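Taken one at a time, structure 1 and structure 2 that follow are two forms of one protein chain, written as structure tokens.
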Structure 1
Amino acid sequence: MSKTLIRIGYASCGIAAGAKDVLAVVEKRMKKGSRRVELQKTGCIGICFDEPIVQIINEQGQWTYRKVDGKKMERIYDEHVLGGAPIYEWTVGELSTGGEVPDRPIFEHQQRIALRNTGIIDPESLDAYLEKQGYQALEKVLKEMDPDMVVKEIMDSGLRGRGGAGFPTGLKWSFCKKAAGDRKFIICNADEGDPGAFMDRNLLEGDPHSVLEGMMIAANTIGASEGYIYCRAEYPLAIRRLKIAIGQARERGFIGKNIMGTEFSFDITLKEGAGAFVCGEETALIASIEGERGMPRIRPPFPAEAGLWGKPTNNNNVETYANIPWIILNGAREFQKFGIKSSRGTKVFSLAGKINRGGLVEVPMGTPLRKIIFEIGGGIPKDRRFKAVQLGGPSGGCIPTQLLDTPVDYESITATGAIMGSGGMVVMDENTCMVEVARYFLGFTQNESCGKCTFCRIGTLRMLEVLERITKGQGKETDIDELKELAELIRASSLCGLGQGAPNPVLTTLRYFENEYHAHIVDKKCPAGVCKELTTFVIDEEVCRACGLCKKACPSEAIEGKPGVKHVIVQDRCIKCGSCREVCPFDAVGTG
């Protein structure tokens, strides 16, 4: 029998879903003698909705098992790994060819450049990275290319900043390269603050060396010898794996003095963020590395001229750096083959919210939203109606059904009123209230405003007050105009992207869902049944089959009924959480 590889998705999401138990079973079984079995812990395989994921790979093919637990793993090990008989009913059937034969490639619409190694290699092994052409791009840059050639290659590739703003990366590097100064810095922004976004976490947990290599190439190009990675503290596993990767790179001489026998020397310091969304803005991030309150500074001067400690500084996002080694090795022309004219290459998105297959996807730029949400993401659970997809986090917006064919590229997404952002995609269905979503985001930005600009500090609070009033059924007809006026003022008088983008969730929901605002303000109703003061849940007697699921799910024991007896909600005990509606298999729970 040939060798069998057992691959376990061991990123934060996998571990949270129970991958530790699965790993323990495999390790215990392997102790009994297992020369033909190899265990590999990888980063996120991407199918997060089915975690824990285990892949069995041998000469016969590759099988992906979903929702594995310790008990299932015991049987998979005994029957499939040792016995050679796959347990088809536990494999990712709908993503494969029906379960009877090995999986076809799991996400066929995907194109993996930034995620080329994530979920495939052991992120804690430098050798695994080296086997995948790791650090060969750095070697090429150091030995065969001069910095001008590198800048040209990156510029020709059309790569734009993946942190959200989409500034051409090659151009940014050229500014910093030209800037006068004996000491320059490289920063990697790993402060992934957008709620609902987890691309950078998965990249750092799944393939940290590719990010380090990208940083080193940038450093050599602009003439920097010191780098900082600013990673949010909420990502303990990413931080741990980065530390391991930096240690390994240092030990093998990829970081340090005279790297690969050349003039180039470079060292990296890892900084843990302390929890401030505004630090995703580059000047605030720089202030934070300097040990200060993370408040943005006026630009110009841009960091390329005067950044960290006043020195020329180049700052890119995690995903941007992860693309660099691929572009150097494969060439700008190969990269250009993906995407569309203004937006080249691929983009990683994290799919979450009301979606069947939430997870991590990487698609060519220009892929329509519909394809990502319905073909890759598998649509909305329980066949509910799609309402909107939120892109760009608190600075972004909600894109409605009629714009689902919008291609994901910087310009098309901006035209909808949202922004590309860093790649968080949160899907919302008919049971999501768009006014409440707007209130949620305003609450977030209001809380995270650093307080430097008056309109951001106080204007967002005023907007939040208006939205709270509306969701409580105390809205006034003049409220919509007031929101629009405040939005314009905040946008015009804030220094950084946090303030300038803060009104976007309100403006896009007003643009596409103004009728929901009117329902709250005029009819005193919340059509989605979310805003508690405006909602009454009722069970439709005609539809109810007395299955008892809602009664079981109700946290406040507000549902009465027995098997065979139609269920009723006792209104004065109902806390309007909507749990009954979520679980009802017959859609019998509605709002009155």
Structure 2
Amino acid sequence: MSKTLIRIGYASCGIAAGAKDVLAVVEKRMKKGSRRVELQKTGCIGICFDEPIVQIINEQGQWTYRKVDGKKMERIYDEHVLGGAPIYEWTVGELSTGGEVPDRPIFEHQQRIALRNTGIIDPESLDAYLEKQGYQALEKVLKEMDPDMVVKEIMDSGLRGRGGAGFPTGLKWSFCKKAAGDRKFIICNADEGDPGAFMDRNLLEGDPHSVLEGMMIAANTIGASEGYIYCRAEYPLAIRRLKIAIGQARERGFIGKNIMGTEFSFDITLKEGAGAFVCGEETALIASIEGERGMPRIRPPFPAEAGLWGKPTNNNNVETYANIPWIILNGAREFQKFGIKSSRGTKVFSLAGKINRGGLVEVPMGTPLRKIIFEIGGGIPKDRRFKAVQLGGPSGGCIPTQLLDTPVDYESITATGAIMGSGGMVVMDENTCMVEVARYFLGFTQNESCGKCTFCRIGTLRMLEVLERITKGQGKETDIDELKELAELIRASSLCGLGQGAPNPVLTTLRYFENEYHAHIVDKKCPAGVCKELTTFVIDEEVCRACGLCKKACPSEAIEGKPGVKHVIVQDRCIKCGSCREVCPFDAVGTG
């Protein structure tokens, strides 16, 4: 009789949702001696909102269970694994042919290239990666292609750096390949620091060998024999699985001397970063690897000419390297079939914030924001109105409702005032204050400024002071002009992308939501009811159904009312936390 495979999503999102309890149940039951059961831990398949995920695969079919806990797993094991009777009310549909991804609307518009193995293979098993054509691209490069052929293939594919700047990957490799130097280095930038971004973490937790293989192909192409992966220490699971993957690859001869019987030798060192956002900038990252304080350097010279320890260095991010093996095996033309002329291939995005289906998606370049947020992401919880999406992290910007049909490509996103960035999308609904959003992101970049540039160090502080004054009801009519003036000075005078992009959240919120600034400054009101000094919560007596949910949720006992009697908020006791508005199912709580 064939075995039943139990596949548990065991990435950070799954573990946070309770996957450890699920795993414990399966391991305990397997100890009782069932030889028909095989257990596999995988990374995240992307549907983080449904974690913990458990997939059951056998000769009768393939099923995905959602939001599994220990008690549910007990029943799934007894009734489905042993008894052969799926519990359909807990499933999200059968898996597609081959058992790759669940058959759900969230996957209909996706194309998985970088994420091709995540949530499918055991990330701690080299053999699992080899079964998915692992290291075949490296073998092809070493035995069938010369470096010029590889550069041409990557250039023809149209792959652009997925770390944010979008510089053509093949062109970057060609610069480093041509640079003179007795030593050259490869760096993988895994210092993912944007709020709401977790694409690189997912890849490293779910398919680390694909990143290693991409790095080795790049190393052979430019003539490097040493590589570094710079990963922030806040990613302990990613780091652990990287260490396992590097050890496995070294033990099996994929890393080391004379790889695959060729003259190519390569080794990789894992460097843990301390969490400084500025170290996502490549020259600051290089300084950190060298043991110096992570601060940007003047360019030129660019790292391709003089990078790590003054030697030619190629630096790409995690997602960029993960695409390389697929391109080498399938060809540039296949990669070009996805995306649009100026932005080829696919892009991984993390969906976070006010969205029903938070998680990871990978879509062809050029996919409209509306399709990503509403068709794939499931829209806004509680049927509230979409207001904006923050794209590109702290150096990005806020894109409003009227631009929802903007295609996601480098040029189109830049035209909105935002940037593609590494791929974090933070969705905001009608109850989001855009002035507070600008203040939050400005506060983040000001706190993360390395201090090297006066305009970044002091200019962002002055902007933050203005924004804080506005959100407290102390704004002046001259503040808007002052913010715009400071923003232009900071953009023009900062050394690196962190400083140059720091004003973007302010500029885009001013561009699309200036009316909210005026409401804060002139009317002394926060239309979204977020800024405490400018907000008064009230209950609409005509809408209130006296259900009592708001009274139960209020932490300060500021709501009075009996069952069947309209409720009221006692303003002297209200701490303006907004809990009443969040729980009210009738939208009876508003701001006055």
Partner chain sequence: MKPKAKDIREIVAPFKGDRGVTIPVLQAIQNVYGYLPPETFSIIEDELGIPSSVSYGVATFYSQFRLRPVGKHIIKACDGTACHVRGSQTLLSSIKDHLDLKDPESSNDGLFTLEIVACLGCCSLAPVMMIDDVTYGNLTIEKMKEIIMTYRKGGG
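Just so you know, these numbers come straight off a predicted model, no measurement behind them. Whichever C-alpha set is largest while still superposing within 1.5 Å between the two forms counts as the rigid core. Sequence positions of structure 1, starting at 1, serve as the residue numbers.
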(message) Between the pair I just shared, point out the form predicted on its own.
(response) 2
(message) At a 2 Å cut-off on C-alpha positions, does Val568 qualify as shifted between the two structures after fitting the rigid core?
(response) yes
(request) Once the rigid core is superposed, tell me how far the Cα of Glu59 moves between the two structures, in Å to one decimal. (result) 2.8
